[in-house]
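Single chain ahead, by itself, as structure tokens, in the form predicted on its own.
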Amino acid sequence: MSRPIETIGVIGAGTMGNGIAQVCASAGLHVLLKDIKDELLDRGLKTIEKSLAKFVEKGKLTSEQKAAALKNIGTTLSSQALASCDFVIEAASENYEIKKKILEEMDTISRPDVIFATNTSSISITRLAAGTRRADKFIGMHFMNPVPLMTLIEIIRGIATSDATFEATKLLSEKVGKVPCEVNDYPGFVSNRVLMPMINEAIYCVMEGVGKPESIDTVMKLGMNHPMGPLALADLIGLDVCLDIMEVLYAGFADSKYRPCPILKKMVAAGRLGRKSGQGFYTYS
């Protein structure tokens, strides 16, 4: 019988990883946040502190709750330190080889009863699970960005994911204040299979001169009641991430409707990645 889930290992202190660490710590779980450099961990902790401070300002958390959440987070550069964790969430870069290497290493470190979850937004859960000796205890937890504000988690079953693993992951999702939604393992799952082709089509509209980015986004915001236009959203997600997901969809379905727009490829090649680089479809200071 597996132990109760009290300590969560989160691998990757970037945008998704630090958000996941924050919601787990705020729910009273102990978190061990792991990355490869001290500066990445420091940046992740600063982001968490800033985010929690905003919740205090808005009256959604007390100062005591903020302090308790921060106290629940430890950091490490050592994979071996995660041996004590009861549940491991991998939130590294959206790259199959990087994730595969991390998960294979963790498979030799973690107890046999520990569930592995990957925060991938498009990579096959079944394929990642196959690199471990615990395919039945392997699952996808696709948190939405920004993690502290968005309530959805797509829970993705691989071909071998057990019912017990799904139920434990569902309960954990609810404990950290999220709404779990069960989906099956197909390229892009539900969220990105629907969202990314829309973003890609908006980029085609720019390339073909159908409208300027501002016009395209305004049409979708005011005409379709979207909170954010698809091009501003692409800049927020990161154009490199959008391209990675479109490439997964294109390869997975071998269907031309998922072909990444040529100017998306060109912008990524030029280093125009959106908000994180200061330049995408819009310019950011």
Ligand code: NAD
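All values derive from a computational prediction rather than experimental measurement. From 1 onward, residues are counted along the sequence shown.
Missing here is the form predicted in complex with the named molecule; even so, the following discussion is about that form.
The closest heavy atom approach of F138 to the named molecule in the predicted complex falls outside 4.5 Å. The closest heavy atom approach of G17 to the named molecule in the predicted complex falls within 4.5 Å.
Put simply, A92 is close to the named molecule in the predicted complex: some heavy atom of it is within 4.5 Å. Although the partner is absent here, G274 lies well away from the named molecule in the predicted complex, with no heavy atom inside 4.5 Å. This chain is displayed alone, yet in the predicted complex one of N145, S84, N184, T108 has a heavy atom within 4.5 Å of the named molecule; that residue is N145. The listed set I155, I203, I102, L172 contains one residue whose heavy atoms approach the named molecule in the predicted complex to within 4.5 Å, identified as I102. Between 64-72, 219-227, 28-36, 51-59, the stretch whose residues reach within 4.5 angstroms of the named molecule in the predicted complex through a non-hydrogen atom is 28-36.
In the predicted complex, the named molecule lies within 4.5 angstroms of at least one heavy atom of each of the following residues of 108-125: N119, T120, S121, in sequence order.
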